[in-house]
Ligand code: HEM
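Here we start with a single chain on its own, the form predicted on its own, put down as structure tokens.
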């Protein structure tokens, strides 16, 4: 168990200028003098999506999609999708029964995915994920798609990973996405013919794209599937990646701060822990940007026109000048510097800041039942700790072997109070 694994950059950034200063990265992310430079290989899955477009087109699309991440949408995802699924999953674990040691053992990684699949489907607009068999099939396809769209970080043959990913996407389209899109086209036709009110239309990505004619793009029929790929993966990736790190850190923290063990069911305490873990462990630890002209940053660093630079978030988020002398450590008593987010640069910055951040961290500025949300990570953590979650001493977690990502592929847990 090592929550502070060394950051290893993938080979494709080896010949790029490395930017690991917090101030420099923040300036680049906010500057209009740079454009997206990431996802050259995974562009086959993402080209033309919100993630990679720029300028006025990006602002128009972001405004269009903003209704999917509104406060009311977040409340619905959490109370109408996440909470019932969590309850059902925990019920199934209770019915499965305890083992000979009197505890319930489970692997956290598939457990998280099983809890998040309904949000995944709702945000994107996927229907018919309504039987155990279809649910398992949908989760399996999205999981495998997630491996493909992070191909830049894979240690396997990249051409093979992409080929596998394209086949997975084809199956997703055929089995789930296309039937869902056709249903939304029919619903939108009824609305336009005056047979249905707009309020009756689903609030999801496929509906938004259909309403605005982006479901059929002359010369680019595959655009809609690339936007779907982004939302299918992004709606669960951060929680799945970071939540195991939170548990590792909290296990170590409570060992040296035993009085805090009783606080692990407190949403406020868990949010602090989640934010500190997000600062230390990024789902996308390196982003690339391309300079649109010769640029001299405030620090004096020079970047030439058309140069692609690698922004290294891990060292930036652990910079002692920004977060203090123990910046590389997990510290629940840390006070974030004024005007800086406690998660550092993890959700990016500028016009491309992650639009789905509230889904993960919650609407914590108004944390009440009517107007606030806990966020997917805190909601799941609270549920697990209420069930007496502990790391399994007999089965250590296992990191992803075929990727440079700081991630786990297996994370055994014991639930003592379920």
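The model shown is predicted, which means the values in this text are computed figures rather than measured ones. Residue numbers count along the first chain shown, from 1.
There is another form of the same protein, the form predicted in complex with this ligand; it is not shown, and what comes next is about it.
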With this ligand left out here, work out from 216-224, 161-169, 320-328, 342-350 which stretch has heavy atoms within 4.5 Å of it in the predicted bound form.
-> 342-350
Of the residues 150, 207, 180, 238, which one places a heavy atom within 4.5 Å of this ligand in the predicted bound form?
-> 238
The one option of 279, 118, 249, 289 with any heavy atom within 4.5 Å of this ligand in the predicted bound form is 289
Looking at the partner-bound form in the predicted bound form, is residue 51 within 4.5 Å of this ligand by any heavy atom?
-> yes
Spell out, yes or no, whether the shortest heavy atom distance between residue 379 and this ligand in the predicted bound form is within 4.5 Å.
-> no
Even though this ligand is not shown here, does residue 283 get within 4.5 Å of it in the predicted bound form, heavy atoms only?
-> yes
Look up in the predicted bound form whether residue 355 has a non-hydrogen atom within 4.5 angstroms of this ligand, and give yes or no.
-> yes
Sequence-ordered residues of 219-242 touching this ligand in the predicted bound form, heavy atom within 4.5 Å = 230, 231, 234, 235, 238, 239, 242
